[in-house]
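Heads up, the chain below is alone and in the form predicted alone; it's given as structure tokens.
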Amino acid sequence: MTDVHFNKEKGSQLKLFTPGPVYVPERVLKEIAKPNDTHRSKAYSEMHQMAAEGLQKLLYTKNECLIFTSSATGIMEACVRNLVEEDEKGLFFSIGAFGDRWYEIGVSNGKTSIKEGVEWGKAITSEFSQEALSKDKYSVVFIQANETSTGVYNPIEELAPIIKDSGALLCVDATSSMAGVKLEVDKLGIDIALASVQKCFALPPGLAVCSVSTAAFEKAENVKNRGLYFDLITMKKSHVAKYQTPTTPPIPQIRGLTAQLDFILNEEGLEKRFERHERLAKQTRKWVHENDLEMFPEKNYESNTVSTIKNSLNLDIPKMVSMLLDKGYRIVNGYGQLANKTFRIGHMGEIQIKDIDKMLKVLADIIKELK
């Protein structure tokens, strides 16, 4: 079986169907390769502004949109450090590994953190959220839109009004769904919606983005010990005054972000992009059924960007992944405690129906051989 090594001359030749990082189209790679001015130049500020305004359109928001030099976990930590005061409590809804991570971030930063979780594979329901919120007074609620480990999409449109009615600020981790699933930030009253760009945006890793409400900025002003690198107020000052960042950002990636947002908004179109991701997910779920497999998420809560599939046939998943690598495709094993119990197929970014069909046909043949 193929042992894939670093390809110094050509880069990776694999076709990625992973939950991220994902395939980056050639047009984006060409943008990233272009020469850039410095991060304190007018040229950079113009580019930064274009990216920020594009993010506002993508998220249906008038809130300021900030760009971070980090993974999404950096903004998850920023939410905790900037929004929860010493005498307050944060509520962390968890449906998988990344909900648990956000809770662990709260604990590690010395914040009073309460986790309310459900069995992996299930979603947070309206009833569950109401019961959890009734137990205490919480200043901030943290929740995943799309849980990358379980392939579950929380019903954010139902949950957001319930959370906001409690008086809490709402932070939503949309890491593996932003730019693939519609998220109307202002309509839902989301105070911080965050993501990194190596998933549905189809960009190389290195950037994370978020929208921040006026209420969140106002709250952060009064929170002590916000830290330095992820201080929202410092970020806002640089952003509003000059469309810049406090420290040096990865300028080529931001050029790529600007180009990709232009493509998403003005060439593919938002609604068509969201519809394509939905079709990719339905096609994958159909394939799962046809091959006598089972989806891991409970019905009606399946993600449109990453499918987590039960190992109901007791397959040797590492061997299956390796055999698929021999054919030039990469999918991944289950995450954390779901390793070997599930496997995951990412269908996000610039993947088309013909791409997923071709890969799934190859994978079906491999499964028949393994059975």
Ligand SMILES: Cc1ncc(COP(=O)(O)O)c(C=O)c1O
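All figures in this text were calculated on a predicted structure; none of them were measured in a lab. Position 1 is the first residue in the sequence shown; the rest follow in order.
One more form of this protein, predicted together with the ligand, exists but is not displayed; see below.
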Legend entry - Contact flag, residue 148 vs the ligand in the model of the complex, heavy atom cut 4.5 Å: yes
Legend entry - Interface membership of residue 196, the ligand in the model of the complex, 4.5 Å heavy atom rule: yes
Inset, instruction - Considering only heavy atoms, tell me if residue 274 and the ligand come within 4.5 Å of each other in the model of the complex. - result: no
Legend entry - residue 91, heavy atom within 4.5 angstroms of the ligand in the model of the complex: no
Inset, instruction - May I ask you to choose, among 71, 238, 126, 166, the residue with a heavy atom within 4.5 Å of the ligand in the model of the complex? - result: 71
Inset, instruction - Would you mind picking the one in 243, 98, 138, 263 that has a heavy atom within 4.5 Å of the ligand in the model of the complex? - result: 98
Inset, instruction - Could you tell me which stretch in 154-162, 185-193, 293-301, 172-180 has residues with non-hydrogen atoms within 4.5 Å of the ligand in the model of the complex? - result: 172-180
